[in-house]
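In structure tokens, the next block holds one chain alone, the form predicted on its own.
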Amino acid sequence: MSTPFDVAVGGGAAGAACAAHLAQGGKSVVVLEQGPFPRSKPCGGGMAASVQRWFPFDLSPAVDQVIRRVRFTWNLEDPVTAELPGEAPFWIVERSRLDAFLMQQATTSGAELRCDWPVHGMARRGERWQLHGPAGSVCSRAVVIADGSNSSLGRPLGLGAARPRYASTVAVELNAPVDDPHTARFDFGLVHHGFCWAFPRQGGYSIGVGTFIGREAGDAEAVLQRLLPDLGQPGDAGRRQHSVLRIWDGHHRLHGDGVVVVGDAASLCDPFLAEGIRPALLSGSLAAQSLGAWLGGDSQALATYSARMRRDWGESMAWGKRIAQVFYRVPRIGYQLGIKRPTAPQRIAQILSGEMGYGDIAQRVIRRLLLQQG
């Protein structure tokens, strides 16, 4: 039998980030990508520039646009604009480009990439994992489950949510002139129990319609028929992609015996604003740290990964979920009390930039919304 890899990792942003850290730390890594690589993914591409602190290499080559302000509206009217803190607070990336950049960092450091290699099953054999795919099997000391929102590998191992909660989205890539390339737009009135966004990128927009109720994005086409003309484009413009997101829905164990789950497969997506890239990169980076220690003999290191994700992300998301439950119950009131207040847009801007968490504002916001609804 061939010498096992130290770690087998799934593809995507979380997996590629983890692979890059591990490979640069001298670990032998194989990345098993279920399809071709890179591939287009339905993703708005917004992430806080503060993610840079988790990486020893410069991420700016993967950045498409720098966002300096956020414009909120209700049914495309009643606008509120917030300036984001810092010199380059919020980045827009194209997911295929970001994934490819991170993977290049990994492979340059010695990681092996195998495309069109979906994992059909995995089993623990003594101190090793054996992963089975269409072209045989791969043996590794540890596994990073990073197979996205439709993950099927974590649940049988008791990792992540046993019954994931989903949001559904329709993403539109639109090539068009951009009036204000440094302003991201969020609208809270067009979508029932959700919102839509328009992020400027080089040569156009990344647009999304998202709802936190069930796995259907409602009448997304009706929403786009209103939103796209507001951007000066016909209602049928752009290329549509439908997808689901696993929304954060409680604290769950993210580690097992020589295995961790990261990114969308770990149900880390923000339950209020649907931010997914930042928790993907955070989980990939923290998982790599813990795996490095575990491979070095620290038997408690993987438990530390679960604990740090709970502390550094989950505790804020627990408050984000409570805010979302109250806000989206009566979103018109939520917009007036949660967005229109003088300090509210800046607080959301600080959350988007990674400068603060939902726990910093939650109790005041929830109390205000509940009193008004009562």
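Fair warning: this is a prediction, and the values are worked out from it, not measured in the lab. The first residue of the sequence shown is number 1, and the count goes up from there.
Another form, the form predicted together with a small molecule, is not on view; read the next lines as being about it.
The stretch among 174-182, 263-271, 224-232, 249-257 whose residues place heavy atoms within 4.5 Å of the small molecule in the predicted complex is 263-271. Within this chain, E275 lines the site of the small molecule in the predicted complex, having a heavy atom no more than 4.5 Å away. Using a 4.5 Å cutoff between non-hydrogen atoms, Q65 does not count as a contact of the small molecule in the predicted complex. Taking the partner from elsewhere, G334 is found to have every heavy atom lying beyond 4.5 Å of the small molecule in the predicted complex. Among residues of the shown chain, F199 is one whose heavy atoms approach the small molecule to within 4.5 Å in the predicted complex.
Taking L84, A288, L245, V143 one by one, only a single residue has any non-hydrogen atom within 4.5 Å of the small molecule in the predicted complex, and it is L245. Residue P118 is the only one of P118, G110, P79, G203 with a heavy atom lying within 4.5 Å of the small molecule in the predicted complex. Taking the partner from elsewhere, no residue among L282, G292 and G354 has a non-hydrogen atom within 4.5 angstroms of the small molecule in the predicted complex.
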